[in-house]
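Read the single chain below, which is given as structure tokens and is the form predicted alone.
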Amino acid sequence: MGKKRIRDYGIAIGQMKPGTRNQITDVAGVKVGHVTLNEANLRTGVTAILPHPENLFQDKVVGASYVINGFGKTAGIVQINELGTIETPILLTNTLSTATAADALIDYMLKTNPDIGRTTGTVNPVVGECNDMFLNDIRAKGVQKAHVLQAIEAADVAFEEGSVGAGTGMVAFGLKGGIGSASRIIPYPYGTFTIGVLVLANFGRPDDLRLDGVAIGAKVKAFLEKKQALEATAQEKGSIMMIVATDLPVTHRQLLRLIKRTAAGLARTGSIYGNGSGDIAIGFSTANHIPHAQKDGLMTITCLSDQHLDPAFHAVAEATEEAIFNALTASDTMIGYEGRIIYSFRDWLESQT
């Protein structure tokens, strides 16, 4: 399998200190689960991100979403920005399984909340997607509702990266893409906080790739030309979902400002947010929980001053950039639908030594 993450190759992205795992689950309470479908013509799956282990509908988190380029088929992001909360796990899958994932997530929420649709309102399922059709027979719609529920139930602090879950069939910069994650620690005078990012990377052309500020795209393209593996790289038409978690006390407005900085980390890897790319960020803060049934008209939340946001902006950009390279580095070379092959970034890295 080889080395699994970009730091295993002596490359430390940015300046800030990562968390213990250097993953989104460094934010206390956050868990991630996968179901991977890698058989016959299927190269796909589901990834679930749980902001906390309690009932999310009854105990919501502050949430925000941001669209950098809107070529995407996500569910739930309109209400997130209207109400400023997230009330379900966040699911990632392939484009044509978005509706299946949303339906399964609704079933999960109905089972755990018998008041939904009876004595209270409905529920807002949150699903993000990328198109894995180069390696996956996407028309087969292999993701079933049972897989979604299994991914939620499998959620844990420890989770795999690379060609797993929703990332199984993804391609990034002409190389094998997938799930990647990273985190950063932010020391403030009033406490130490964590920013965690998880990405579903499925975007970019090899020509544009930059590693820690160094343009490596021409070398990567030459490597792929030698392998005769440039079929998937003609134009920028992929996508990336970026999930940002933090325990920093922020308002919805401040969180929205935070997750906009995923664009800085994304740009550092060489993305130009192409016409056919869905570049979307969804974020949440676990610091302030919002009860579904507020007993009185007043609610108190804590937040930091806007003047103290810069370290958090920096952390989001760095963690996003490193998460993308962890997705690339952790992914193995894969043969997919109709015998199509996509090479691992590790193959290129190891060819340079």
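Numbers follow the displayed sequence, beginning with 1. In this text, all values refer to a predicted model and were calculated from it rather than measured experimentally.
Heads up, the form predicted in complex with another copy of the chain isn't pictured, but that's what we're talking about next.
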Completion exercise
in the predicted complex, the residue from Leu255, Ile77, Ile152, Leu224 with a non-hydrogen atom within 4.5 Å of another copy of the chain is Ile77
Completion exercise
With a 4.5 Å heavy atom cut-off to another copy of the chain in the predicted complex, the contacting stretch among 118-126, 195-203, 155-163, 175-183 is 118-126
Exercise for the section: Indicate whether another copy of the chain has at least one heavy atom within 4.5 Å of a heavy atom of Pro187 in the predicted complex. Expected result: no
Exercise for the section: Answer for Ala102 alone: is it within 4.5 Å of another copy of the chain in the predicted complex, judged on heavy atom distances? Expected result: yes
Practice task
Determine whether any heavy atom of Thr286 comes within 4.5 Å of a heavy atom of another copy of the chain in the predicted complex, and answer yes or no.
Solution key: no
Handout entry: Partner proximity in the predicted complex: Met299 to another copy of the chain, non-hydrogen atom cutoff 4.5 Å
Key = yes
Fill in the blank from the handout: Checked 139-160 against another copy of the chain in the predicted complex; residues with a heavy atom within 4.5 Å, sequence order, are Arg139, Lys141, Lys145
